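Next comes just one chain, in structure tokens: the form predicted on its own.
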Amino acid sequence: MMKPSLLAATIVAASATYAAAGDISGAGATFPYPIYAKWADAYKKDTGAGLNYQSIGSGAGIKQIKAKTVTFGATDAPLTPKDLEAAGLEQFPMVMGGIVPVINLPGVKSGDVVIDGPTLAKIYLGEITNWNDPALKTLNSKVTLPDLAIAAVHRADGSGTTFNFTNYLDKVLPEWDSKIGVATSVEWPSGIGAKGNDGVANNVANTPGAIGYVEYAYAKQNKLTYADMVNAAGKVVEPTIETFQAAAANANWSAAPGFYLILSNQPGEQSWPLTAATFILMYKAPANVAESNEALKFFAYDYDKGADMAKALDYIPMPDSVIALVKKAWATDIAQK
């Protein structure tokens, strides 16, 4: 598989020929970038239409759609119904996936190390600073953890991955809210900052003792070592499409105004605790209706023909019932004439 940085070059190059004809333009989340690139390649082959997507982080994507410099914004941190109404935006989920803790420890393979939520939170609070800390040793009695300083890698940009990550840590450690809080960008007490999921992945890969959080496709594409986690039911689970699906199965999208729904720390013995959805933002009354319609055609294609492509990258396609809700919202809320 290509690394995300190479995927970025491919998606822009694929659309360059058609830019003058008004390619679909979007910007935002890095979390879904691998699947957006794959969908864009398939869509171009089938239709000849290109996609120019800037993988720059959820915070920047929200700013660009509000500035009306792109046809759609992409974010893993959903806007509240109040914020959507104030901005005149429509929001809908495109796909779901898992965020995983990735580590760089000599001689350790994926799944050898187990981390629970409170311990992970204390690492990012700077309270646990060495891999041989008693809390980590208790969780990993069958593994010899090294006497090695922990380098906690975090996002330096406005990030929906960070939003979901901090949302989870806030749920599992009471003091997280008062010390750090939940947002796309927070004041980290220590650690290494990096831009994008790919930046975090690269920093972890090149830093012995590092730990970071990335979307699962980035962990696989960069051949990073991941840790298993203890979920809300107290069970040790590994990041797989089955555990992501188990968490996503609890989602009640029909009861979520503006499709505002957070999937972290879901119940269930098989649920992966860091599961998240990623969202698209578009104007209800777009300045350019033709461009908006082209974007909707692309997203409809992704829903209708992209499920297997999503699964191949370990994303979870939206259920048919949710797709029906989204398409109904398009028909009633987004001007298409």
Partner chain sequence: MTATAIQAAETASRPMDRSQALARLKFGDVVFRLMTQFSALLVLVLLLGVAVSLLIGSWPAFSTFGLDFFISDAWSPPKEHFGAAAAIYGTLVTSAIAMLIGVPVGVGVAVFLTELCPLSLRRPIGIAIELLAGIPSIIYGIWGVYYFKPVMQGYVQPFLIHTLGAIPGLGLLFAGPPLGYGVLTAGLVLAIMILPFVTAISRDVFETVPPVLKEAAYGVGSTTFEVVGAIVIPYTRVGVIGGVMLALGRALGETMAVTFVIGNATKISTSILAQGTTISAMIANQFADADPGLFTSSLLALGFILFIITFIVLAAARLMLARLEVKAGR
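None of these values were measured; they are calculated from a predicted model. Numbering follows the first chain given and starts at 1.
Beyond what is shown, the protein has a form predicted together with its partner chain; the following relates to that form.
Original post:
Which of 247-255, 199-207, 135-143, 108-116 has heavy atoms within 4.5 Å of its partner chain in the model of the complex?
Top reply: Within 4.5 Å of the partner lies stretch 199-207.
Subject >> Contact test, all of Ile56, Val182 and Ile192, partner its partner chain in the model of the complex, heavy atom 4.5 Å >> reply: Yes, all three are in contact.
Original post:
Asp157: heavy atom within 4.5 Å of its partner chain in the model of the complex?
Top reply: Asp157: yes, in contact with its partner chain in the model of the complex.
Original post:
Even though its partner chain is not shown here, does Ile35 get within 4.5 Å of it in the model of the complex, heavy atoms only?
Top reply: No, Ile35 sits far enough from its partner chain in the model of the complex that none of its heavy atoms falls within 4.5 Å.
Original post:
Is there any non-hydrogen atom of Ile241 lying within 4.5 Å of its partner chain in the model of the complex?
Top reply: Residue-level check for Ile241: no, no contact with its partner chain.
Subject >> 4.5 Å heavy atom contact, Leu84 and its partner chain in the model of the complex >> reply: Because no heavy atom of Leu84 falls inside 4.5 Å of its partner chain in the model of the complex, the answer is no.
**OP:** With its partner chain left out of view, choose which of Ala232, Val186, Leu261, Ile128 has a non-hydrogen atom within 4.5 angstroms of it in the model of the complex.
**Re:** Filtering the options by heavy-atom distance leaves Val186.
**OP:** Consider the chain as shown here, without its partner, and state which of Met282, Ala295, Ala277, Ala60 has a heavy atom within 4.5 Å of its partner chain in the model of the complex.
**Re:** Exactly one listed residue reaches within 4.5 Å, namely Ala60.
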